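In structure tokens, the next block holds one chain alone, the form predicted on its own.
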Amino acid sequence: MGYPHRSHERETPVLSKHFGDPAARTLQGWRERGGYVALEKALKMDPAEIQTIVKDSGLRGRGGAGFPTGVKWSFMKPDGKQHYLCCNADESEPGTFKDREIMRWTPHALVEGVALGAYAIYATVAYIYIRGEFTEPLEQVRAAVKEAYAAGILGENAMGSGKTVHVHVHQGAGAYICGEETALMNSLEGRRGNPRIKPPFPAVAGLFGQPTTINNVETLTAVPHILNNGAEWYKQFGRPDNPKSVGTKLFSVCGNAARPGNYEVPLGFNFGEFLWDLCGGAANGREIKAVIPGGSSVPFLTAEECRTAIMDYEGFVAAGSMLGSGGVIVFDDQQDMVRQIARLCRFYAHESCAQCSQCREGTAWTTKIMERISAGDGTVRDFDTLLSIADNMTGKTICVLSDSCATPVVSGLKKFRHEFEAKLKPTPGVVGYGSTATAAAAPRAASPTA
């Protein structure tokens, strides 16, 4: 688990190896732990060669989408244009807090990864866009960048290589939508953080209209390890029968888990063993009812489904959910799932940029209906309305915030329909979506907990 607890013996700490080690925050401390060796090596290589190594390693974006990093980098060609690298440190997916710890404890690891990534895509300028609420991580990263400039690691003649690598740190205003890559670029340009319609894609016309690559904190921090140890070393982590998901991954665990925190394990780990062995199951001797395995925007898994799920991109899809950002939210058997889903809906309604009507209206109406059901004033017809709204919110907007609100509602109705039905206002004679008058008149569920 790393700081504040010792790592579990079944973890594989690569990125989290120095969590909780204050000496690793400084330039001297980071160099004593092998820092900046990969960057110095990379600056002597051709950028295309670095792209090939990262592509061969199989590293995929750790921010949620899972796009192959080396493939994304290979879109950037030496065309004489100003290129930009943007590091997305606007970590705001509910349940996800891994990037924050990377920046808090190993800020130079991120600076090295950003500088290396910028050079690999022919960019001389990179931005680290940090979420507004991340005050301590912001201070640590700013201090690391300052140290790196003072030591000649960054600048016009980075590490004496004759190559130029500038890294700027930008503090966002704390809007969830700015974690979407095109909204992030709008925000960096000083505009409202609304997502852009694609195409054009950032690799063609991104920040300031120039070719741009956006990578996540965890993704970029993994790159120096790959340069130091090689693509084959990285590929050893994962299932032998699944070459599409390799490497280690940080998982943030919160909610009703007995041992919450950040855990780093190889992709392909058994989710049941992860939850009950490493994380200790549910707190206070309770039973696990449900888990969101990849941040609040992915479908729920029941406890039974968790026991056999595999923790990689394909494994979670096969189980009926997604890897996402790796934010694991645990719900014990005391939790009122209707109330929990209503809380998620309120979050997405609040954070919608309101640019698309399906999102602006859909998140608001979904929240109102969910809160009505949670309060015991819903009817069985609300189920059909929720599913109809969700259908109109999914895949029909510029970004996926709308989808993220719809997903837990649809998933919740599928997995915990009995809890929805138990809360319905008694309406004898009314028969709706897959329900009965008897179910509609059933008593309410037990008192919810916070």
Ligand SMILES: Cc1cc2nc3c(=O)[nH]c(=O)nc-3n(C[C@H](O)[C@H](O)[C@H](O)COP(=O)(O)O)c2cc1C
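Sequential numbering from 1, following the sequence displayed. Every value quoted in this text rests on a predicted model; they were computed, and no experiment measured them.
Keep in mind that the form predicted in complex with this ligand is missing from the display, and what follows is about it.
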query: Segment that reaches this ligand in the model of the complex - one of 83-91, 140-148, 157-165, 332-340, heavy atoms within 4.5 Å; finding: 83-91
query: This ligand in the model of the complex reached by all of G64, G179 and L401, non-hydrogen atom within 4.5 Å; finding: yes
query: Exercise: M103 in contact with this ligand in the model of the complex, heavy atom 4.5 Å; finding: no
query: is_contact(L323, this ligand) in the model of the complex, heavy atom dist at most 4.5 Å; finding: no
query: This ligand contact at I214 in the model of the complex, heavy atom, 4.5 Å; finding: yes
query: K72, heavy atom within 4.5 angstroms of this ligand in the model of the complex; finding: yes
query: Position in contact with this ligand when the complex is considered in the model of the complex, options T366, T219, T248, N262, heavy atoms within 4.5 Å; finding: T219
